[in-house]
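What follows is one chain in structure tokens, specifically the form predicted alone.
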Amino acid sequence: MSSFAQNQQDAAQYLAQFDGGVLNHIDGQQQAALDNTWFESLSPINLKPLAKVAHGKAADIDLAAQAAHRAFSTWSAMSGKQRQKILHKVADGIEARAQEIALLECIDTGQAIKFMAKAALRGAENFRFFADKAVQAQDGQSLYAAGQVNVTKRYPIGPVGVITPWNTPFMLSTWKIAPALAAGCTIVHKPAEFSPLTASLLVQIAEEAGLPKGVWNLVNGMGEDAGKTLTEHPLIKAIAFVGESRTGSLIQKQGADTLKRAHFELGGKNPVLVFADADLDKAADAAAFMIYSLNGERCTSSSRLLVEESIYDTFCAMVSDRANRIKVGHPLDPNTVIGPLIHPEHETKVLSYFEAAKADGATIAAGGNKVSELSGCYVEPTLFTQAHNKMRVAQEEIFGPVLTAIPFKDDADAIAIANDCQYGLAGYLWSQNVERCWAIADQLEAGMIWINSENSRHLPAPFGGVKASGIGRDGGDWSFEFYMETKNICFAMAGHQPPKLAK
């Protein structure tokens, strides 16, 4: 891994390409917003401007939707083999520019290079996986019945809108866009306004790899103008969104008039259940990793720590010790684990929970402060103990390096506490009792559960949540269920005689 000084030098060089601003990309052309307005992107490292960004609005979204609509007939008509070849070239392009992507992601989001170096390569992996899936994307089934044969096939739904979040924007963009392209859909992408840099690189890489113009369009802007127009636009057949639950609800309302299909990956307040018979060292490492890595700014973070009463104090001390030894610092420093939070607005939100926790009676066992010696949005890794599940810090998604530890009495109590929450994205369970693990996993209200493990993703497996955590699943063929329609064709067998209504 490069040194801190080298990373800073390289990042400055890569950032220079945006001296003229971060542009929209419509029908193969980079362009400013039609009304030539801009907004400013701040670095969370020092709160200084990074770049001006084209402020797309309704007219820009309409132009992009029209381009995606025109390109759909060509892209959807390509064979899966042709799309596979192009998408593999996109993956090649990502790998060739992985360092550039990672460094820009760090200065744009505040995420540590320790994690972003891998995130860029994960984006390439997403494209390779779905490139190979493109070959059989339209495959269906043959269903036999008395006197008939039914044949199913899948076909792309049409132009789709993709709205991605600010926390790990490059990887999450590939996670949504790769299967859409593999299915044969065209794209209008609106990245989060807090972290727009790498989206611009990604669409350029795709077109350099041979993606036809108009297949992938990018419009920067705000949710209230560009986002709203995208979710309401009649040419856009579906919306894939990653972000807050309340925004997902708003998008569903906005898409109702055009009966838009929606896929939502939303918030989480995910429990990690630790029983007395668990491997406590492994469980403590995993609990700390899942809340303090990526600045705690991820939907699958294990932000509620549920611990069996008999080991509560011991285990909380183990997690507190790990939190106190985590390095908070500049995201381009290879030794940094926690960098700055994305934006001053978000930092203010996270810090507000420290006072809320104390007011509700929780104890701050680790952290609990802003890192005042650093000039950006830096917050200490924090652990709240002596908490209960009715506290705000146990119910609300904080989306920062903040963990709330709650004791439980027995299996039934653990399940009740875990499920007593509006969210249901993920759950983590630590016990060496296999029967207990099966029984509890079956009763947890969550779309994904990891047993004796942190979040370890397998791309063919379904990803998604229940309750306020989302609608739909990503991963493997589950992605194609969203981006494609299914058609059934019924063939009557020889000798079939339709019924007669008249003699």
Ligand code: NAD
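Numbering starts at 1 and follows the sequence shown. As the structure is a prediction and not an experimental result, all values here were calculated from the model.
Heads up, the form predicted together with this ligand isn't pictured, but that's what we're talking about next.
A heavy atom within 4.5 Å of this ligand in the predicted complex is found for one listed residue only; from P156, G427, P165, P331, this is P165. Of the candidates A178, V242, I187, C316, V242 is the one whose heavy atoms come within 4.5 Å of this ligand in the predicted complex; the others do not. Screening 200-208, 125-133, 110-118, 266-274 for residues having heavy atoms within 4.5 Å of this ligand in the predicted complex returns a single hit, 266-274. Although the partner is absent here, T231 is a contact residue: one of its heavy atoms lies within 4.5 angstroms of this ligand in the predicted complex. At a distance threshold of 4.5 angstroms between non-hydrogen atoms, F399 is in contact with this ligand in the predicted complex. Not displayed here, this ligand is approached by L250 to within 4.5 Å at the level of heavy atoms in the predicted complex.
Contact check for P191: a non-hydrogen atom falls within 4.5 Å of this ligand in the predicted complex.
Along 286-303, a single residue, C299, places a heavy atom within 4.5 Å of this ligand in the predicted complex.
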